[in-house]
Each structure stands twice: as C-alpha cells, then as structure tokens.
Ligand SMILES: NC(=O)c1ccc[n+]([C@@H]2O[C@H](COP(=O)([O-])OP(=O)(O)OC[C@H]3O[C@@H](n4cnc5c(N)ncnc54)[C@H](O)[C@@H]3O)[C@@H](O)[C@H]2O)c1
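Next comes just one chain, in structure tokens: the form predicted alone.
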Amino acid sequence: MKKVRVLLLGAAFSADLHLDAYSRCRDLAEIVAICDQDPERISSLAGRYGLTDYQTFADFTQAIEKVECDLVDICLPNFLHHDAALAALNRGRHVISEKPLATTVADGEEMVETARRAGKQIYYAEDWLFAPAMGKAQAIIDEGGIGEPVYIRARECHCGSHSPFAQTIRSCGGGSMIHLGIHPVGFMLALKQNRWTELVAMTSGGLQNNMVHKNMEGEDWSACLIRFADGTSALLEANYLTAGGMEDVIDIYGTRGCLHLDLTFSSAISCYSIPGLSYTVEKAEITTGWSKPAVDERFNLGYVGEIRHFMACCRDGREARLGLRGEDGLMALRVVNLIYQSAREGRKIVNPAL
C-alpha cells in the first residue's frame, strides 16, 4: 500500500506532537523532508523518532518547491500558516494546518478558497475530536445515558506560552482565546454542525488590562457564552492563569445525567517525588511532591487518531470529517473573531448567517 509522503514544516513543539503521531502511523505515512531555520532542532527531532532518510531545508518556500510529497504539514507559528498553505496548495499539495487556521479571517478565507480552486484538501488539526475520552462520551450520549445534552462547559487553560510568537497579536492573532480557546470553540462547533445562533463574551483586554501577563498584547483570560440552533448552550473558557499544568476539561449536562471529562489529569498513576520527575503533564511548572504523571498524553489528547485520519483521507483522496476540514477551521476562526468583537463592544452577537 502506497504511503503518504509528508513534508513537515517546523521542528519545534507542534512538530514534535505530530511526529510522535507519524511514528505510530508508519503503515500510512512517510516523512520525506523536514524544514526549520535551526538545523540542530531538525536533527534532534528526527533523532527522537529514528528518522534517517529525509531531506532538510531552512526555508519553507524552497522546501515546498523542491520536495516531492503528497502533503505539507504546517507546524509553524500562527502568522505563517497562511503563506505556507498557499504555497503548498498552489504547488498541488494537500495541507494539514495546525490551529488556528490563520491569524485573520481574511487569511483563512483565502486559504479555503485557494484549496477549492486547486482541488486540494486542507485538513484542520483539531485533536480534541480524536481524544478517546471524547469518543466514549459521545457513545454514552448516543445511547441516551445522560438524556438530552442541554449545557456544556469546556475549557483549555495553562500558565502561559513561552513562545515569543504568542506574545503579540500580529504573530498569534490574539491571546488565550485564539491560542487555547480555539479547541473548545472548534469542538463545540463540530459537535453542533457549526450551527451556532448567538454569543456574548468578555476578555481581560491585553497588556496592562491583563490579570497576570502585563506584557502580552492579547488577553490572558477570556470566556464566551454561546447558544446553538438545537437550544444547547455552552460556556467556553481559555486562560493563561492556571498553574499546575494544562487543563483540558469538558462537562456535559443532560436532562437525565451528566459527564465530566478530564483529558490531561486523568492518569491512573499518582506519584510523590522529592527530587522531582523529568515530566508529569504539559505546562506543569514543577514536578516535585504529589503529581499524576501522564501515561500517554499525546494519544489521550487525540494527536495519534487525528494524524491517522488525515493520512487515510489523503491516501484515499477524500475530505476529513466535520470539524477537521479547512472550512471548519475557518468557522472556528470566525467565531473567535466575533468573541473578540463581543468583548470589545460589550454586546451580544447574533450569527449573521442564520
């Protein structure tokens, strides 16, 4: 069976998450090239996963032009998603775009339109949709285990990104909502077939108006109340205030029961360490004392299932499922943009498309 030939753009944090998943999908995918400005970072990343036969590049435009591949996986800073995607699509390659799809709605629209004209797919990397806990929760809902879901609370929070690209609106697109909240936003839109009706939001405001991160241009706290066409309501939150590791938590309240999902702290291991561990959970500041070390964090967050799905779709020449297409990433970006508008203007926004 022919494998999907992948050009990986970036060799830092997101690329490591993806390459871990590719290493578990060797029956479907082959990394043929890696591009990053730092050659040592490429070497280190490839070495961790045993890659030996691959090309290296420092410039993504050159890599896209020269590498014979089927798909370009964009694990670059947010502000580069647009340019890299357009270059790849115009070269006749399918694309995986990490979240958010772009930093502006206009850029996202151009990406989706370019893919349509080129007859190529944009696969939008929303890993939450492949978290095993999500799949089990959906099965419980489908069997009527909690009745009809009426209210959902979802959040992604941690202590803040150390990347310089997360500090400015130009390079990130905003603050915690676009960088973290894009997950609960995208998850809820996929769950409800993108049919939202109204929303109202607040944010901390950025810079001196932030609660903790006074040098960050984007907000360090944000929350949105959103309603969907079927009457379901949801509270979506993102913040850079949460100490102790990343929180990915979803609570689903139904007419006959409820579900509580914890994607990051649901480890079966409890550990007390005086010297500290090498790793416990993403964004944990310390690893001493009591902790719950993740058993297989990346699998449980959905990265492996996500990449396998994209590789199968690319191999078979089909689009991804709802929530994982370019237009779904664009919808999530539009909603985040309207969340920011609602917070700025202090008013409820009704979906202009409904």
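The model shown is predicted, which means the values in this text are computed figures rather than measured ones. Each residue number is its position in the shown sequence, starting from 1.
Below, we refer to the form predicted together with the ligand, which is not included among the displayed structures.
- Contact check for Cys35, Pro77 and Leu80: all three have a heavy atom within 4.5 Å of the ligand in the predicted complex.
- In the predicted complex, at least one heavy atom of Arg41 sits within 4.5 Å of a heavy atom of the ligand.
- Taking the partner from the other structure, the ligand in the predicted complex has no heavy atom within 4.5 Å of any heavy atom of Cys25.
- Using a 4.5 Å cutoff between non-hydrogen atoms, Ser163 counts as a contact of the ligand in the predicted complex.
- When the ligand is considered in the predicted complex, Asp220 lies well away from it, no heavy atom lying within 4.5 Å.
- Residue His179 is the only one of His213, His179, Arg155, Lys120 with a heavy atom lying within 4.5 Å of the ligand in the predicted complex.
- Here the chain stands by itself, but in the predicted complex one stretch of 96-104, 147-155, 227-235, 264-272, 96-104, has heavy atoms within 4.5 Å of the ligand.
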